[in-house]
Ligand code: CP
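The form predicted alone is given below as one chain in structure tokens.
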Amino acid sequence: MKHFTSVNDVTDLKKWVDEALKIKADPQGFVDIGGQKTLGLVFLNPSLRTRMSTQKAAMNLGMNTMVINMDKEGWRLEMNDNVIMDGYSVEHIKEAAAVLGQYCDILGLRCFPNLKDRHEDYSEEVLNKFIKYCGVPVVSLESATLHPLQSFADLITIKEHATKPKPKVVLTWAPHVKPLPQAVSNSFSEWMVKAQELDMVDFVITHPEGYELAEEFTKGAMINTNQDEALKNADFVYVKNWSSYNKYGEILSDGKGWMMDNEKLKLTDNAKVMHCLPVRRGLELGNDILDGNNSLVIHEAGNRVFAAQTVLKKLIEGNKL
């Protein structure tokens, strides 16, 4: 594995999950593998769990970390080629990425979409140019379309808490006050579809009309616009808002009646409830669930460390760093 940007970079999903759980049982068991190598974390957008969990994962492997909040501490980047830089951009991505590659053995990058131009966002220009020019392995810390570290942690969490060989997992849309990217939902769908192919889960997506995700990430999933029907007998419910893909970046409804709470939980098989965080209490997800015994959100966040640790270990081994 040269880079980690989606589930398609995973060679054996079941083995990866098992390895992550072994690492969780003994987080310091591979403390020598990092060999004082340096992980650089580049953030073009805010982060709490991704930043802290990936740093912790690197520490557990004996790596050094360097962090730069590029939107606040770096120069404004020029992404276009063959231009005269006589505007606001100070540094070209070619030099910026290449220099970061000189300082770091592995590079992590977070770059959100602008939610204005679907073609631009889904081309993953920023991520792909960092990969092209930095010269070292790259880990996606969430891109315009995907958040693979989050989804890996989600699958680890489901594996830990499943009470049957093939639990029913439901991804449900939730209300929000502003348009949010599709990245987490795309990624969760992509990972669950792959897990379903391996008989690890049964996967259902539910959302209001108009909130269909890109088919490349959902093909193979059952999709139901009736939330109550979709929730029946669910073992896990993953709650997440996303803006429209077809009417790109738009909010199409107020979401009335779509918030997951204990009343809706009664439709499930006493399902465990998940969310990537941060979550808007009382809007996306009811306080009664978040403060109750069915919530896995904190446990899920904790597993971000072991997802990242597994990925970093694989990159070190696979690239002979």
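Keep in mind it's a predicted model, so treat the numbers as computed, not measured. The numbering used is simple: start at 1 and walk along the sequence shown.
Unshown form predicted in complex with phosphoric acid mono(formamide)ester; subsequent notes refer to it.
Undergrad: Using a 4.5 Å heavy atom cut-off, which of 171-179, 98-106, 141-149, 208-216 contacts phosphoric acid mono(formamide)ester in the model of the complex?
TA: Stretch with heavy atoms near the partner: 141-149.
Undergrad: Using a 4.5 angstroms cut-off on non-hydrogen atoms, would Asn60 count as touching phosphoric acid mono(formamide)ester in the model of the complex?
TA: No - in the model of the complex, heavy atoms of Asn60 and phosphoric acid mono(formamide)ester never come within 4.5 Å of each other.
Undergrad: Give a yes/no on whether Thr268 approaches phosphoric acid mono(formamide)ester to within 4.5 Å in the model of the complex, heavy atoms considered.
TA: Output for Thr268 is no: heavy atoms all beyond 4.5 Å of phosphoric acid mono(formamide)ester.
Undergrad: Any chance Cys276 has a heavy atom within 4.5 Å of phosphoric acid mono(formamide)ester in the model of the complex?
TA: Result yes; Cys276 sits at the interface with phosphoric acid mono(formamide)ester in the model of the complex.
Undergrad: Counting only non-hydrogen atoms and a 4.5 angstroms cut-off, does Arg49 reach phosphoric acid mono(formamide)ester in the model of the complex?
TA: Flag for Arg49 set to yes.
Undergrad: Could you pull out the residues of 86-100 that have any heavy atom within 4.5 Å of phosphoric acid mono(formamide)ester in the model of the complex?
TA: Nothing in this stretch is in contact.
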